[in-house]
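The form predicted alone is given below as one chain in structure tokens.
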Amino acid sequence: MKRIILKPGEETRIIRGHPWVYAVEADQILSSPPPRTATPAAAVLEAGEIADVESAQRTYLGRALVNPHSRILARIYSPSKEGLDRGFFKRRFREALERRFAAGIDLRQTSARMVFAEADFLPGLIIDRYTGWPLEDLERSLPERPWAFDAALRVLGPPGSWLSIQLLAYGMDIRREEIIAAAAEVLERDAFGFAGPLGLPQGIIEKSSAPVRELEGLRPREGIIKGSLPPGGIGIFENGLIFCLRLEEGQKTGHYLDQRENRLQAARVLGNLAARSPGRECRVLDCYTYTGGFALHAARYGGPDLRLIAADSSAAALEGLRRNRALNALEDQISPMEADIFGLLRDFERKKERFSGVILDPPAFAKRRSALEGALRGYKEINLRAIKLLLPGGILISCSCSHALEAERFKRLIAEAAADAGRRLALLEFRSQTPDHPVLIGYGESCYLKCGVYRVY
């Protein structure tokens, strides 16, 4: 077994829980000496192999997957000296699923992130599990809309499931077959908090196309691994709403599961705002709507007086919104708009348009720390212009999924935008991601999602 010896003082961050060893932090690469050999020999690391990490004082820090071609030289996956066989992956998957049930997520009917990479002690591996029915079966069996989960369950029987997988680290990528087999075995055979297993997935698709793979020396790869996907898409339920997923087409793994609770809470806040003026139309602008997550929740749970403009620059995303809007019988309340969001906000400001609520849920403007300065300018501009569009007492819901942008800096940025707009803000609440995207203390990158809810005066 090879050993990575750190430079003096570089172990502090790792002792506090961070799982990454950067190449610049390593002092020596050694081979463990055979019996009766006093001095270990220098060694060369191979991409994807396992190595032990030690401090300069030779204190053992953990076992890691390594990649000498990446800036992140090693990703620690265990504090003990355990291998990466199928039994290891099954244990980790079982533990991850049990954490979801302990957090109150009923995986029998809720789509959720099953594995969240380093935060579930499986660096570079993401698995989302989608629970639902083929959309064609729902349309054939439940002609009246909107549909309800209980009605689908009664007519069609238990829902099926599909896995969407991302392999973002070299060490995980070369163990792809073991990972897939272990996940299938655990889902098919193990029980979690109730009688019976969750069930073998009907299909598994890989969505390993994130730019981070290039930094690992890996090419993008997408496609169906096992089973099949329904040709008409999958219907999943989220907070009583139905969403159509086409996993082979969607961004990331197919759906943004991390905003599930934030979308419902945003709808409640906007609904309370509309309730203060019954019978009077309450206009809300949903920017970067994608397939309508926030807009659909607001329309369903915010009350009939809410009227939403759901804007996105992607025509394909808006087709998904229109499909989801029809599935939930919310055509009268949501108006799709294809537009560049920066230009749209400037145009609305020039026309002196005003809204009771504005939702900002942009893609990550900063995917790495080197891009943070430019991202800060982008985040400030959209928040500044959104604040200017709001009526007194209106609601701003502003999100960022850039892990490089820390929560306190994001709050300060919004405060600066409000000051430049000449408006005052009251912070109603500040939220993060759903518990199926666990936050691992010491690993700041796991707490990436920020969602601020403000009242603007």
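All residue numbers refer to positions in the sequence shown, first residue = 1. The shown structure was predicted, so the numbers you read here are calculated from the model rather than taken from an experiment.
Below, we refer to the form predicted together with a small molecule, which is not included among the displayed structures.
Shown without its partner, this chain lists D173, E118, E206, D312 as candidates; in the predicted complex, only D312 has a non-hydrogen atom within 4.5 angstroms of the small molecule. Taking G357, G293, G302, G235 one by one, only a single residue has any non-hydrogen atom within 4.5 Å of the small molecule in the predicted complex, and it is G293. Comment: 255-263 is the region of 255-263, 69-77, 124-132, 211-219 lying near the small molecule in the predicted complex, near meaning a non-hydrogen atom within 4.5 Å.
Although the partner is absent here, P363 is a contact residue: one of its heavy atoms lies within 4.5 angstroms of the small molecule in the predicted complex.
Interface membership of A339, defined by any non-hydrogen atom within 4.5 Å of the small molecule in the predicted complex, is confirmed. Taking non-hydrogen atoms only, S141 never approaches the small molecule to within 4.5 angstroms in the predicted complex. Within this chain, T289 lines the site of the small molecule in the predicted complex, having a heavy atom no more than 4.5 Å away.
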